[in-house]
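Quick setup: the structure tokens below cover two forms of a single protein chain, split into structure 1 and structure 2.
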Structure 1
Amino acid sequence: MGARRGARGESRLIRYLILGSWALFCLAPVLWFLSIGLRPRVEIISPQPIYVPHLSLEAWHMIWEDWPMARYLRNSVLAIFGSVLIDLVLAIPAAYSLSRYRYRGRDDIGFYILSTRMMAPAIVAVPIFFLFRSAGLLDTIWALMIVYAAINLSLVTWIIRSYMLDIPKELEDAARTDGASDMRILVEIIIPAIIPGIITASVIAMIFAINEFLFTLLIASTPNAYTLSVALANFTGGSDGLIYNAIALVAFLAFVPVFLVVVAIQRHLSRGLTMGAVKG
């Protein structure tokens, strides 16, 4: 009995060592970015290798005092979460229609919605610019919300639709027998059953929105609507040249919120990534 417990403890220790080594390997680029962000610029651009770097808050003071980084961070949060909310409000009813109702051209409509995600963004960049300018929405958070939502709406709709196809229709038939309307079925039965899928679609849309640069740079013409993705470009030119430590620190700050969200909902996210994967 004691030998069995010892062997079980050793296997658990080996498992933890393997998982810990893999986690350290995956986080190594992030930790390297953080180390660059906490080093003085003189050391980073020095031609001589420095094996024991000195920690400095030079870049930290630069991005918070010389640049309106708090505004950039606020703009990113508002634009991203606002776009995800718009996507969910529009995608859930659309996915319910595509997965439950039968009508002519339903499959064609579904594939057309998905095909819009494959379009090159540069094709519609100029028309979108003139559209928002005529509407008076240039350089606003609302414009960023709409653009991010439009970019990710097809993907969010298709992902949520795949989870709805996994729900047995007998549940809906029983609810209709009791006199429930389609809206009540959607709110009280379908949505609670596809929470992992909604979380998965939301996280994926959030990641795509954070990485969006073309439309953000096109719409946000002043720091009033700059996001973190555009803020990174501010450290790559000008009379000061490339400010490597500021770039690394801003990139780390942009990564941390997504990382924390994924860690907090990893159980639902892992379940959501496996559910509905085989449905067309």
Structure 2
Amino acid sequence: MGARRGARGESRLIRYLILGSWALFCLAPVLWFLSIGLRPRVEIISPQPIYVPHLSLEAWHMIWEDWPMARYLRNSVLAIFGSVLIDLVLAIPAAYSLSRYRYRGRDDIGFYILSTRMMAPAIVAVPIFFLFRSAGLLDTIWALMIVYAAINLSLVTWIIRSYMLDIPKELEDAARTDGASDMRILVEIIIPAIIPGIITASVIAMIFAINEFLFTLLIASTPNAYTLSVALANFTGGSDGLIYNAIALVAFLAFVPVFLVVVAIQRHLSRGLTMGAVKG
């Protein structure tokens, strides 16, 4: 018995060694990057890396005073929330149709929606660029909104569909015998029952929209429509090269709200990330 407990203690030690080193690997770069955001520019790139910098709010003043940070933020927020709104309006009825009715072609339609998730942005980048150029939408947040909504529509639909499949059929049947129309059932019974699913889908869509880089780079050619993700690439001071402390600080500004929201929906995260295929 004693020997066995000893072996167990040893295996526990190894286990925490593995987990601890991965945690260190996750967090050390993050803390170092945070220190980059809070140090003056002269201490970023030097012949010998500086590990204990002088604290400085130089970057904080720079992003607000030298760059239109407020506009980048506004662009990001509008494009992201707009796109999530478009997604919900389109995805909730679609998910309802895919989960509650049986009709010819349903599975093919569902799979078509799913398959758009597999399309590499680069494949459609050239045509989308021409499409928006001829529509006069280049360099506007409308174009970003449309593209983000398209990127996320498949996953929002599939996540919501998976939550709708969980609702017991009896609930609907009872309402239907009471004479409620399909539309009323959707609005008054189904939607209230899948609020967690709607929130999960919105959060995941939000993260992917914040992350989007290629389309934003092509569509937003001036600070007019820059989002945070692409604005980072433009924190350059001409011959001085990249302004890393501003980049790092903006990265953390975007990180904090995402982190808080994700911690709040932790339980639903695995389901959201697999588009509903895995129930958490």
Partner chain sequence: MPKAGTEEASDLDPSARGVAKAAPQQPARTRFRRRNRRLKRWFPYLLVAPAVIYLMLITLYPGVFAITQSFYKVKFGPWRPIGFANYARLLGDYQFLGALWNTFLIGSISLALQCVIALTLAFHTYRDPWIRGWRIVFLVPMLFMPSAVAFLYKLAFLDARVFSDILIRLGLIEHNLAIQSSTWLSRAVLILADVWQWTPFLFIIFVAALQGQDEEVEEAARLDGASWFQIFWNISLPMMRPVIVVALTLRAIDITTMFANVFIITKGGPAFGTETISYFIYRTGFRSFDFGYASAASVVMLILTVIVAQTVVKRAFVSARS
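Basically, rigid core = biggest C-alpha set you can superpose within 1.5 Å across the two forms. Because the structure is a prediction, the values reported are computed rather than measured. Throughout, residue numbering runs from 1 along the sequence of structure 1.
Between structures 1 and 2, only structure 1 derives from the form predicted on its own. Once the cores line up, the CA of F213 ends up less than 2 angstroms apart between the two structures.
The rigid-core alignment places the CA of P53 2 Å or more apart between the two structures. When the rigid core is held fixed, the Cα atom of L34 travels 2 angstroms or more between the two structures. With both forms fitted on their core, the C-alpha atom of S21 sits 12.9 Å from where it sits in the other form; this compares the forms between the two structures.
Structural comparison between the two structures after rigid-core fitting shows the C-alpha of V261 displaced 3.0 Å.
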